[in-house]
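Take a look at this single chain, the form predicted alone, given in structure tokens.
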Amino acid sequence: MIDLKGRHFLSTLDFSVEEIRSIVDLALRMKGDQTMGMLPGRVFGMIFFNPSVRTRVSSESAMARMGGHAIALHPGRDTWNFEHREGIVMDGNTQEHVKELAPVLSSMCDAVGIRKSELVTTGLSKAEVTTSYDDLKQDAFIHAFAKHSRKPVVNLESNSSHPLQGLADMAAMVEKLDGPPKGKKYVLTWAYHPKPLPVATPHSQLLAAADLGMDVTILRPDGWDLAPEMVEAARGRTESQGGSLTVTADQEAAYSGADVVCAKAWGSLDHYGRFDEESAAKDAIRADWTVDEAKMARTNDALFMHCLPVRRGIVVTDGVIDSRNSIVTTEAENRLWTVAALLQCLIAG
């Protein structure tokens, strides 16, 4: 097992391809031998600014299975409101600064996970975001916390990335594809969603396919590009492994011969913070971007993936997600084993 003890896990880009793949390999070994990996008496503290199902349950389950314990905190509900800005006069609605929060929590926990994305909301409400993506992609809170933490900090989803989802996607493809993923065609397709959504998950899914050396296609309408720096990072990673990367709006060409189709809605960086404009632009193309049986028929009997939760009848038809080629539940289950492997590496080494 590779030694990653004590390192922060904020983005897969902070690790080499070999290190990321070693975590995935360990996860699949742990899945096959569920007695592997033990963290008795260890504690994983988690701060959730946003809702969570798979991330929270997989993390808590992983620690319980390894003899440890997980604690979930929800700022503003069962904790103080937290501040991270330097030199701030705290006369508003924040009561505790990360300069105190991080060293205190990291003295009580063996690792700390943080989920904080300004675009994640419940219901049909739209997040009130007035800051540009260029500012939000800095993920200032999680980086400030990591700066002052004495223990590893894990990104449970931020504005720019969701690296735990990336690990789970990699594991699912290694497990379910017929043969090694290298050189197989992976399509990350945009889908309609009634709300503006973060780009964090598609960024990490993109990097997951790239780290496996796949021939990656980003399929999106004009105006829905992912962050250029993430696309170029993915291009470099996949080319280093013998793969390639293409960006297109041509659905017929993208689906043709695909081995994996991964659907994900994401917001337009061109309309970031101007969500009424985004809604008008995407409403006109809503029906054209649903993953359906006709599109999947163009593929090489492709696997279908989605990070969940998914809006049936909008992102994907029942016929596709309920088919034998759908591996969405495997993808979700692997969240348990990949976070277990990651915590084993970061905490025990």
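A residue's number is simply how far along the shown sequence it sits, counting from 1. On a predicted model such as this, the values are computed, not experimentally measured, just so you know.
Below, we refer to the form predicted in complex with a small molecule, which is not included among the displayed structures.
Q | Per-stretch contact check against the small molecule in the predicted complex, the hit in 65-73, 302-310, 284-292, 25-33 (non-hydrogen atom, 4.5 angstroms) | A | Checking each option against the 4.5 Å cut-off leaves 302-310.
**Q.** Candidate spot T12, S158 and S161, all three touching the small molecule in the predicted complex (heavy atom, 4.5 Å)
**A.** No, none of T12, S158 and S161 comes within 4.5 Å of the small molecule in the predicted complex.
Q. Is there a heavy atom of R54 lying 4.5 Å or less from a heavy atom of the small molecule in the predicted complex?
A. So R54 counts as contacting the small molecule.
Q) Do Q165 and the small molecule come within 4.5 Å of each other in the predicted complex, heavy atoms counted? A) Yes.
**Q.** Non-hydrogen atom contact K184 with the small molecule in the predicted complex at 4.5 angstroms
**A.** K184 lies outside the contact set for the small molecule.
Q: Please run the contact check for R115 against the small molecule in the predicted complex: heavy atoms, 4.5 angstroms, yes or no?
A: R115: yes, in contact with the small molecule in the predicted complex.
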